[in-house]
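A single chain comes next, written as structure tokens; it is the form predicted alone.
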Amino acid sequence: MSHSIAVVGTGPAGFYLADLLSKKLEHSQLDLIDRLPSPFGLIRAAVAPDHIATKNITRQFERVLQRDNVRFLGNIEIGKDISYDELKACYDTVIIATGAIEDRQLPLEGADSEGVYGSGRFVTWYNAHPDRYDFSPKLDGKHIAIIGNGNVALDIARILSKTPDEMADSDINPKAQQLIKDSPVEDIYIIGRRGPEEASFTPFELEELSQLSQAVPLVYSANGESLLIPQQIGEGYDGRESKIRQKNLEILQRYSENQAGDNAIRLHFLFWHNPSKINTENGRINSLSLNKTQLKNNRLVETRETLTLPVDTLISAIGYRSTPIPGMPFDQPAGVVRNEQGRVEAGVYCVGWCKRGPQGVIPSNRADAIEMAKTIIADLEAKPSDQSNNQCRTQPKPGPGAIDELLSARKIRVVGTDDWHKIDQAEIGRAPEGKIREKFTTVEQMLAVLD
């Protein structure tokens, strides 16, 4: 019996699960659905544009699209073009894999001021996401602050510090590249509430800052003196995490010995500080107030010491939320699809960041997909059957044909696998010499290639 599956979202989690199910369920028909004409989700729209090797995982996903029982259906928004209930009525199994790219609100007075942005908005802008076509952040000042101690904060600091020559082989949005090139930035502050051993950096990303041609990483305390970096991490970390954090400390120790020198841009790591207020002038941020923090009885507390930094642009990298689909169970406080170990409701599952929150790197989604594939297959095998006629009591849904009829009746322009390949080749073909591609920045530009 053929089993129809819809995967909503074509980022790493969706593709990893589609890869497994299309092989494990021999007679399945699987549709990968995305609201954009392009697949690959965060790999295309959030992985740093100078990390081309990381983006090469899409080659594996392209092979999934070549299978006879897998289709890509792009340019379809669930909740708008097709409702959630209609999707459930068409497919035996629905999997939500929409990720989490909506910025968590910065809980500070002045967070809605001009010059203050969430990292999701900022990162998708320099990655040429169509949602950011009209976005033009203020980068016209000398001082930029980034709140957050994870890899996203490092990515933003690195991209803002690189010269055009250093970005020559990237796929950065050309408009973003020009704005960054013209920026007079001199100081970039990377701010964390906790200390260096609690930072969520990976050593590779942290080490990259030492290779910048016009920027130098510095580690200072609030009074301008070099911050003492612990020689060893504390207890409570497992083996792999312990090694990562220890390596981070070693890199930060080297950075604490750096001097600003004649470098055009200074990257300041500011640990043990919690932002408290965004100060503005005429609606635009002009400084950031912070309170010094410390651990007391294993709890993070603020001291009476304060610090005010001149800041012209503020980017918060404090986490993301998923965007709910109308009619779908959703946990608003947590910002994820409401689920029990990936089960949303009968026949509906979720995987990836929309299931567990924005945690882990791309390979983490593969481990999650493996567990969800086991869950889905186990649920299918556990369905009760009528022994008298050997038929499943649950009647199969109409499948891909029904969704095709709905989309055709509504005159929705569907972008299939072959269409995506035309868009892909057009982006590669329009790239200047030395660049791997130049992305289209609007849906209309992508569809124009097909017309």
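One rule holds for the numbers: they count along the sequence shown, beginning at 1. No experiment lies behind these values; they were computed from the predicted model shown.
Missing here is the form predicted together with a small molecule; even so, the following discussion is about that form.
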Contact flag, Met446 vs the small molecule in the predicted bound form, heavy atom cut 4.5 Å | no
Can you tell me whether Pro196 touches the small molecule? I mean in the predicted bound form, with a 4.5 angstroms heavy atom cut-off. no
| message | Using a 4.5 angstroms cut-off on non-hydrogen atoms, would Ala13 count as touching the small molecule in the predicted bound form? | response | yes
Can Ile95 be called a contact residue for the small molecule in the predicted bound form at 4.5 Å between heavy atoms? no
The one option of Ala145, Val116, Val152, Ala369 with any heavy atom within 4.5 Å of the small molecule in the predicted bound form is Val152
The one option of Pro184, Gly239, Pro363, Gly261 with any heavy atom within 4.5 Å of the small molecule in the predicted bound form is Pro363
Per contact check vs the small molecule in the predicted bound form (non-hydrogen atom within 4.5 angstroms), the hit among 422 to 430, 33 to 41, 401 to 409, 63 to 71 is 33 to 41
